[in-house]
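This document opens with one chain alone, in structure tokens, the form predicted on its own.
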Amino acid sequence: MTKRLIAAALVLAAAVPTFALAETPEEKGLRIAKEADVSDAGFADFTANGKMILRNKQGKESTREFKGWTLEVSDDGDKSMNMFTEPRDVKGTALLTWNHKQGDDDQWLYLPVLKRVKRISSSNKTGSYVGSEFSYEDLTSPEVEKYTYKWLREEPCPVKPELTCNVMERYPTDKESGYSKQIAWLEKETYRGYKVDYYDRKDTFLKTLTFHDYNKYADKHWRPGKMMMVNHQTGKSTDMLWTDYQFKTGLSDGDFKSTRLKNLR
């Protein structure tokens, strides 16, 4: 009897560490989000050229071209800037975004027709970005601190079913967000995002964003060649095509001032 009790005690003792290390779905989701954030750290800055293809419900397309700049900020969210170069009716239109880990992000839009810089208020960030299916909120980076998380499952990745993705829900903590939740698919090994489903404030399925044609830069940093946003409620869609990524180009904080928007080239 004594030997059986000792054996049972040893089995119980061996099981305790496993139990203690078990994660809740919320803890696992947060851990994966943090790991994804760390996996892309150290890029410093990058520039890229882009093309935006807007498609209405009937399939009619219009095309715009732009340039993009992004700066990594070690103690806060990243800073980014996009400026349209074609066609003439949007040429010179530029958006500057300062992402923050805490509090509202800062965004400024320069409209060359009005020759003035307009600040985007937090209550307006749900609006369409230059008529596309991307909102101003979608142009901000998903800082870990801006969401709570819940891991759901593992399954084949959308777009790349030969890979395995972690699927998790993330809930914006910002009451001004246009979304009640997002469901994200992140590849297990590299944390590349392959799909995000967006639900509006009424918790109705709104949009899907998919990522395609990834390439790795500087032996570490993965970037997509195409991002496709489909609005399931309107039937419209917008593609963003990215080319000519250049990393560590020497950008600095001074390149991301709102006063520079009028003079971008």
Partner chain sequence: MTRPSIHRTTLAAGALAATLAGTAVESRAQDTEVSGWAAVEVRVFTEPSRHPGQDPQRIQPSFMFQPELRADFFDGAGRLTIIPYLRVDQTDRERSHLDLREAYVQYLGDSWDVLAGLGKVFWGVTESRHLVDIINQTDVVDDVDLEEKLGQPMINANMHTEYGSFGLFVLPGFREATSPGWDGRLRATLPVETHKAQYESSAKDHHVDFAARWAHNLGDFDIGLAHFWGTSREPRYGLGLDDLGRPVLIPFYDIIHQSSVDLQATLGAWLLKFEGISRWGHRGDNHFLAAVAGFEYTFFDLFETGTDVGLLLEYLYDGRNSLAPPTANDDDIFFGSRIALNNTQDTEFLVGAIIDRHNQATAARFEADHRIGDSWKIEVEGQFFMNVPVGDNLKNVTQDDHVQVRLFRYF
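Positions refer to the first chain, counted from 1. Note that this is a predicted model, so its numbers are computed, not measured. Definition used throughout: the rigid core is the maximal C-alpha set that superposes within 1.5 Å between two forms.
The form predicted together with its partner chain exists for this protein as well; it is not shown, and the discussion that follows is about that form.
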Considering non-hydrogen atoms and a 4.5 Å limit, which listed residue (E145, D76, D104, E169) is close to its partner chain in the predicted complex? D104
Heavy atom within 4.5 Å of its partner chain in the predicted complex: which of M81, A184, I120, C157 fits that? Just give me the one. I120
In the predicted complex, is there a heavy atom of its partner chain that lies within 4.5 Å of any heavy atom of K91, even though the partner is absent here? yes
Is there a heavy atom of N215 no more than 4.5 Å from a heavy atom of its partner chain in the predicted complex? no
Quick check on K188: any heavy atom within 4.5 Å of its partner chain in the predicted complex? no
Even though the partner isn't displayed, in the predicted complex is L54 close enough to its partner chain, meaning a heavy atom within 4.5 Å? yes
Is its partner chain in the predicted complex close enough to R64, L114 and R260 that every residue in that trio has a heavy atom within 4.5 angstroms of it? yes
Which among 191-199, 159-167, 104-112, 145-153 is in contact with its partner chain in the predicted complex, heavy atoms within 4.5 angstroms? 104-112
Heavy atom within 4.5 Å of its partner chain in the predicted complex: which residues of 131-167 qualify? G131
T148: after superposing the rigid core, is there a C-alpha shift of 2 Å or more between this form and the one not shown? no
Comparing between this form and the one not shown on the rigid core, is the C-alpha shift at T126 2 Å or larger? no
When you overlay the rigid core, is the Cα of V117 off by 2 Å or more between this form and the one not shown? yes
Direction of Cα pair change G68-S122 in the predicted complex, magnitude 3 angstroms or more: closer
Out of closer and farther, which fits the Cα atoms of K207 and L111 in the predicted complex compared with this form, where the change is 3 Å or more? farther
